[in-house]
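Here's a solo chain for you in structure tokens, the form predicted alone.
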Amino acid sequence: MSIADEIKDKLAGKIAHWHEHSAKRIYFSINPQDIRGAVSFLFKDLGLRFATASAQDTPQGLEILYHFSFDETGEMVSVRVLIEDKKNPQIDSIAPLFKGAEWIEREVWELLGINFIGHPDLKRLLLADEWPENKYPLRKEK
């Protein structure tokens, strides 16, 4: 069974949108409350490696993409979540599952203001100490 088929089978009721950009590039969307279970499945059960995460402010909400690679085949899998509540954006941290997510979650928290629930050490990473609280440089505030 392919990686794509295993993901579709295991996460069938949680996938809101599926897109195969190419034979080795898959994107799928899930609800924010399902992130920890989905990435745990990719990492622990399928053996995918967490590469990084990226985030952006969109008109619909704050979007996070979690990127995973399957090094044996060169496949990349990206999990998309959209946090619609821009006033109190939060999501479960994936850092308790793999330490490699700690710094990127700190960066996203600092630059976009997304609170990662359960993060072991959510503190500033890039901005100067005198940067104002609750001001996020990558937010498209009106």
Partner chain sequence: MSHKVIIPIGPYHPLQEEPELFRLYVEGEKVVDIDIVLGYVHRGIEELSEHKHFDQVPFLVERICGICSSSHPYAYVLAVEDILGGEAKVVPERALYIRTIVDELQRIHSHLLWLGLAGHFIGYNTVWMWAWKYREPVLDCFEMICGNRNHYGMSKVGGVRRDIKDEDIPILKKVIDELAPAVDMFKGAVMDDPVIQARLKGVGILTRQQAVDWCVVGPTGRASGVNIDVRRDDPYGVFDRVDWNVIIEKDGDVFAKTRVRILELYESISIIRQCLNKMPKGEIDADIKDIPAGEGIGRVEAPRGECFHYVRSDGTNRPIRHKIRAPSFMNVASNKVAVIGGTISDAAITLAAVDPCYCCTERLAVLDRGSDKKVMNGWDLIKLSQEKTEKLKKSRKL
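This is a predicted model, so every value here is computed, not measured. Numbering follows the first chain given and starts at 1.
There is another form of the same protein, the form predicted in complex with its partner chain; it is not shown, and what comes next is about it.
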Worksheet item: Non-hydrogen atoms within 4.5 angstroms of its partner chain in the predicted bound form: do Thr52, Leu97 and Leu125 all have one?
Response: yes
Worksheet item: Using 4.5 Å between non-hydrogen atoms, is Gly74 touching its partner chain in the predicted bound form?
Response: yes
Worksheet item: Does at least one non-hydrogen atom of Ile83 fall within 4.5 angstroms of its partner chain in the predicted bound form?
Response: no
Discussion item. In the predicted bound form, is there a heavy atom of its partner chain that lies within 4.5 Å of any heavy atom of Ile91, even though the partner is absent here?
Written reply: no
Worksheet item: So in the predicted bound form, does Thr58 come within 4.5 Å of its partner chain, heavy atom to heavy atom?
Response: yes
Worksheet item: Is any part of 24-47 within 4.5 angstroms of its partner chain in the predicted bound form by a non-hydrogen atom, and which residues would that be?
Response: Lys24, Arg25, Tyr27, Phe43
